[in-house]
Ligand code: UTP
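Starting off, we have a lone chain in the form predicted alone, written out as structure tokens.
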């Protein structure tokens, strides 16, 4: 049965925001299609879109990101890698504090897993990509096994909160169920979807349509996590569980140290509201956001907003002055995130000009040759300026930051696998084992989380002469 008339309340909303074109094809739609379109239109906050555009216009007429970046300073609340390496007592103290947080059940984990492996030539959620150099295990399995191993080490369950997207949610759920959550208790895993935002025409501000009964939408960025946690009820679950800290990481880095006790301990001892792991940039030209202070306020500046003279400036030792590259590894205090929510603080939208396919007035699909639309994203690191105390923690880049972003070259499956092999070889040789030539070796987190674990299980002199997976 056809729905003859457009509901009056809906038409009034569209008129108010000059979006009447969204029901151009109404008369040609089936009842089911009309219902879908109505649901999508009712979910759009047109006022929010107008506000985001107005904020962008205001910021453009005020200070530019580049002029703000020119005032940036290296972070002052900082723990350098060398500091912990040289101070065994401090390292032990922070690790002990972090392990206690885990034993007391005060830590949860957030995994951002809304992206697909398109750039890898992999038409599935990126977490399903096989990355184990010997085992061929997926990124998801390697990360899950870390959480399981940490839980076993602590003697307390660590809940895993996983943010998916419309594009990855159903396939991710099916994959987890097929693999029985890789041995983790399903009750300790909470999946929630990030939100979406309509794409708009860059010239007219009108919402674009992907089909006569569908809006052109895209994920609202990892910063949409804050709203998604509350909307899904996941944040309430965190509070009810008595969690005090959330370890946050993204699915594209299989060598992340999930729930790193030293990082957690530093976060607690320094009473930080957000603690961020950074690595030293390899060069001034590296396309990587940096942790800085501007006007005594911590923030991240994207590489595209960093003037070349600022990016290339060096200190008295010849090292980059603005050096702290963002790894997208954070620890958030639950109380901090609750304070943001209770105060009604929303993260700003970042507007990106993109090529967005759309339906024209005749109902024909148009594939633009150049950017025609605006997409809206929020970035989680924009919470930094809201923190009363933020801490920066330097990580061992070789060990901990080997993201899988490109099909080949830097930050590719090849470099990530090489890093996993390198770590396993280092641990084995530190335990007195002998790894022949270029033989690939891989260590499951369920076998060992660090060198100390390996030393307890491997006899000195043991020979590894062929590809080996220890689990």
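All of these numbers come straight from a predicted model, not from anything done at the bench. Residue numbers count along the first chain shown, from 1.
One more form of this protein should be noted, the form predicted in complex with uridine 5'-triphosphate (UTP), which is absent from this view; the next part is about it.
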Just checking whether residue 118 would be counted as a contact of uridine 5'-triphosphate (UTP) in the predicted bound form - the rule being heavy atoms within 4.5 angstroms. yes
Is the gap between residue 145 and uridine 5'-triphosphate (UTP) in the predicted bound form 4.5 Å or less for some heavy atom pair? no
Contact test in the predicted bound form: residue 220 vs uridine 5'-triphosphate (UTP), heavy atoms, 4.5 Å: yes
Report yes if any heavy atom of residue 261 sits within 4.5 Å of a heavy atom of uridine 5'-triphosphate (UTP) in the predicted bound form; otherwise report no. no
Select from the listed residues 114, 254, 325, 108 the one whose heavy atoms reach within 4.5 Å of uridine 5'-triphosphate (UTP) in the predicted bound form. 114
The listed residue (333, 250, 268, 138) that reaches within 4.5 Å of uridine 5'-triphosphate (UTP) in the predicted bound form by any heavy atom is 250
Given that the partner is absent here, state which listed stretch (100-108, 212-220, 226-234, 300-308) has heavy atoms within 4.5 Å of uridine 5'-triphosphate (UTP) in the predicted bound form. 212-220
Determine the residues of 158-186 with a heavy atom within 4.5 Å of uridine 5'-triphosphate (UTP) in the predicted bound form and present them in sequence order; the list may be empty. 163
